[in-house]
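As structure tokens, one chain now follows by itself in the form predicted alone.
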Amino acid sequence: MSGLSLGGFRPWRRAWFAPLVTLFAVYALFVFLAPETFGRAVNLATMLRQTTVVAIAAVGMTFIIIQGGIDLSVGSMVALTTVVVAWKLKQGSSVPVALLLGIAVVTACGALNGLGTTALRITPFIVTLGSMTILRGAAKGLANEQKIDADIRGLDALVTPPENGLLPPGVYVALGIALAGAALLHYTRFGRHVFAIGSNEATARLCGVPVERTKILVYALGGALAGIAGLMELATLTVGDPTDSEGLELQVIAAVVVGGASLSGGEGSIGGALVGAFLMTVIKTGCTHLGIPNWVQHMLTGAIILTAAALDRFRRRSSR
């Protein structure tokens, strides 16, 4: 068991060094090319705010990918959260009740994803592909296929910069979640179990790791964090939108992979996921400031993902 645990810990310290260097290099490049706009402090604060939703969801996705799974339903969970919370607020519920219900619903959905991969023995890709469609349909049905306008009662303050010019509270929430997630992943028995399952599930089972229970908890955690990301999205949109966040799951997965995680499982870190998430935002914002067409931005993002996957494969071959 100790070998499996340590095996998950050795690579994480260096796996996201390359993405971090890339982030600094890309940021410096855009500052050089567009110093009048991109290099301003207000732009940095805006990019941090825009990264909040992906960053929070990426924390949960990091756990899922490290233990050898994947979750394609994240975007649908975020949209469902905005709809559930807005729906409850429109009905007159208190803010805490609406927020807790929204998070609880998608946490349960995450747990069901985990149950599908364990009890039914269906591959995570198929389970979460199905739930992605089901949850999107549920969000549209609950919202009667339209946006839900509701008084969000100050929730927009989460993503609104205060008058003193500091970062909005949502950025600090994302940072706090990332720190808590990193501590849980790297310094607890649960985290060691996650790494062990991703490194070698059969051996982890022989070593006494509760594989099924851990997988369900990991997917439930991913659902809960998707719910919190949904609250940030609602604070930004100020409406419950069942069509929102389509394709968000790809951004979240890309952030985790670009940050050094392996889709084969057993490797990854929260810090790397945050670096990957912010790198994607920097590229998108920098291209916008330079007037680069959207289709070029998509191509650059895809090229970065492919490069990260290729580096992961090269790293794994060289470590054998």
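For every residue, the number given is its place in the sequence shown, counted from 1. Computed from a predicted structure; not experimentally measured.
This protein has a second form, the form predicted in complex with another copy of the chain, left out of what is shown; the following refers to that one.
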In this chain shown alone, the residue from Val173, Ile134, Val211, Leu101 with a heavy atom within 4.5 Å of another copy of the chain in the model of the complex is Ile134
Another copy of the chain in the model of the complex has a heavy atom of only one listed residue within 4.5 Å, and of Ala182, Leu167, Val95, Ala138 that residue is Ala138
Per contact check vs another copy of the chain in the model of the complex (non-hydrogen atom within 4.5 angstroms), the hit among 141-149, 102-110, 214-222, 174-182 is 141-149
Are Leu48, Gly154 and Leu231 jointly within 4.5 Å of another copy of the chain in the model of the complex, each by at least one heavy atom? no
Examine Leu115 and determine whether its closest non-hydrogen atom to another copy of the chain in the model of the complex is within 4.5 angstroms.
-> no
With heavy atoms only and a cut-off of 4.5 Å, decide whether Met299 touches another copy of the chain in the model of the complex. yes
Contact label in the model of the complex: Leu89 to another copy of the chain, heavy atom within 4.5 Å = no
**Request:** Using a 4.5 Å heavy atom cut-off, state whether Val31 contacts another copy of the chain in the model of the complex.
**Result:** no
Taking another copy of the chain in the model of the complex and a 4.5 Å non-hydrogen atom cutoff, the residues of 255-285 making contact are Val257, Leu263
